[in-house]
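Below you'll find only one chain, the form predicted alone, shown as C-alpha cells.
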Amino acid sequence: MIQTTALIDGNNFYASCEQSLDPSLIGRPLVILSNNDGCIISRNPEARNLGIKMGKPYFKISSQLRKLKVVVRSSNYALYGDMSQRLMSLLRKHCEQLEIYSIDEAFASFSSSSEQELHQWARNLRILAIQQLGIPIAIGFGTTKVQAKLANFLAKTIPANAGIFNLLTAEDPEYWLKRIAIEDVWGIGNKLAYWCRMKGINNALQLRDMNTQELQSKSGITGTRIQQELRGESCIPLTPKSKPKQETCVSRSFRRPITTLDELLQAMARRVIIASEKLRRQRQLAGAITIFIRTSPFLPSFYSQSASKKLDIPTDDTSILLKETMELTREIFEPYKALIKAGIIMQKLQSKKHIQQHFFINHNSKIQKKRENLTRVIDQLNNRYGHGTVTWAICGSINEWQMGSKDQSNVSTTLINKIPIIKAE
C-alpha cells in the first residue's frame, strides 16, 4: 500500500460559493470584496483573465470594473462559513484522516494500492464536490505536507493537470519544482523569499538542494523543516484533531468613523456578544479579556489604546462579559477621536468541562443553571431565525457605523428567507 498526503482546497472559494447559489454568475467575471467593501479578496478565472489583481482597493478600480462588466459582491461570511462546513463534512466521509487547515483547505491521508486508484479517488471526489456543493476543488498529492501543498499549486495553476497533480508519480519531479517560484513555497514569507533571491535561490528545487546549515542560520528550524519536507522527509505531522484555541478575537472596522461613547459602547457590545457565542460553540471559558480601539494610522493624530481585565471566574456568560467590557470601554474612550476599528480578545481560554471556582466568591448553582438555560435559548433562537434576532438592548437598533456590505448577494444557506427559490413552469 502507498501512503500519501493530499492537500484539498476549494478553487476561488468565496467566488465559487456565490456562483453555487446564483448560476447566473457562471461564465461572468466576478470579484468579492473585503469588509466595508475595501479591496478584492477573491476572483473567479474570468476576472483573473481580465488582469484584475488581488488586494486592489475597490475605490481605485470601481470604474474599471464597471467598464469591463465585472460583477461585484460584498463578502457574505455566513454563506462561506456554512459552505466550508459542508465541504469539510464531505471530505471527512472520503478521507482516512483529515486536518482542516483553513476555511477552504484541508490536509488528508490516503492509502492506495496503485497510482490509478489514487487518481480515480481524486476524480470521484472532485465530481462529488461539484454535484453536491457546486464547488470546484483541486487536489495535490505528495509524501509530505509541503510536497502536497506544491502539488496542489500545480493542480490549480496548470490547466492541463485538470485539478489533480501527483508529485510522487510525475515523470520529472525536478522539472515541476523548478516551475514553482520561491515565493510560492508554503511557509516561505516575504523576508525569507527576498533573502533567498539574494542568494540565487529562485525556486523550490534550488531551495531543496541548497546548503542546510546556511538556510538554518537564517530561518532556524522552520526553514530546515520546509527543506526536509521538500526532500520527502515528513517533519510536519498530520493533526486530525484540532488543538483547543488559545485566544478568540472579534474585530471589525466601522463604515464611518465614530466619535461618541454611546456608539463605541454599542460597537463593543456587538463584538463581545459574537465572541461569547464563539466561546460557547468551542466549549471554552475566558479567564481574561482585552479590548482595543484605534483611529486611522494615516491621520497625523493617530490614537490607539487597549485595556485588559482578568476575570475572577472564567466564563462564557454574555451578560458578565458585557459588564466587564463596558467598564473597560469607558476607561479607554477619548472624546473627539475618529475611531475606525475596535475589537475584543478572549484570553486564558480553558475547557468548559472543569470550572475553577473562586474561594472568596459565593457560587449559587441554581442561579448559574438559570443563566445557562437563558443563554442556551437565546443561542437557539438566533441560530434558527438569524443572528441578532434576540440580543441585548445596549446594542441599539440603528447603527449607521456598522460594517458596510452594499453589494452583498441576497442568497444564503443559513437564513430561510434568503434561500433561493426555484419556480417550475
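Nothing here was measured: the structure is a model prediction, and the numbers come from that model. All residue numbers refer to positions in the sequence shown, first residue = 1. C-alpha atoms forming the largest set that superposes within 1.5 Å between two forms make up the rigid core.
Not on display, but discussed next: the form predicted in complex with the DNA.
Taking the partner from elsewhere, no residue among 73, 197 and 200 has a non-hydrogen atom within 4.5 angstroms of the DNA in the predicted bound form.
For the DNA in the predicted bound form, the listed stretch (30-38, 367-375, 387-395, 43-51) containing residues with heavy atoms inside 4.5 Å is 30-38. At the 4.5 Å threshold, heavy atoms of residue 298 reach the DNA in the predicted bound form. The DNA is not drawn, but in the predicted bound form it has a heavy atom within 4.5 Å of residue 101. Proximity of residue 209 to the DNA in the predicted bound form: non-hydrogen atoms within 4.5 Å are absent; the residue sits far from the partner. A residue is said to contact a partner when one of its heavy atoms sits within 4.5 Å of a partner heavy atom; residue 263 fails this definition for the DNA in the predicted bound form, lying far away. The single contact residue among 123, 278, 330, 92, judged by any heavy atom lying within 4.5 Å of the DNA in the predicted bound form, is 278. Contact with the DNA in the predicted bound form, judged by any heavy atom within 4.5 Å, is made by just one of 249, 238, 313, 181: 249. In this stretch, 116-145, not one residue has a heavy atom within 4.5 Å of the DNA in the predicted bound form; the partner itself is omitted from this view. Residue displacement note: residue 79 has its CA displaced by under 2 Å between the shown form and the other one (rigid core superposed). Taking 2 Å as the criterion, residue 126 does not count as shifted between the shown form and the other one: its C-alpha moves by less than this amount when the rigid core is aligned. Relative to the superposed core, residue 248 shifts its CA atom by less than 2 Å between the shown form and the other one.
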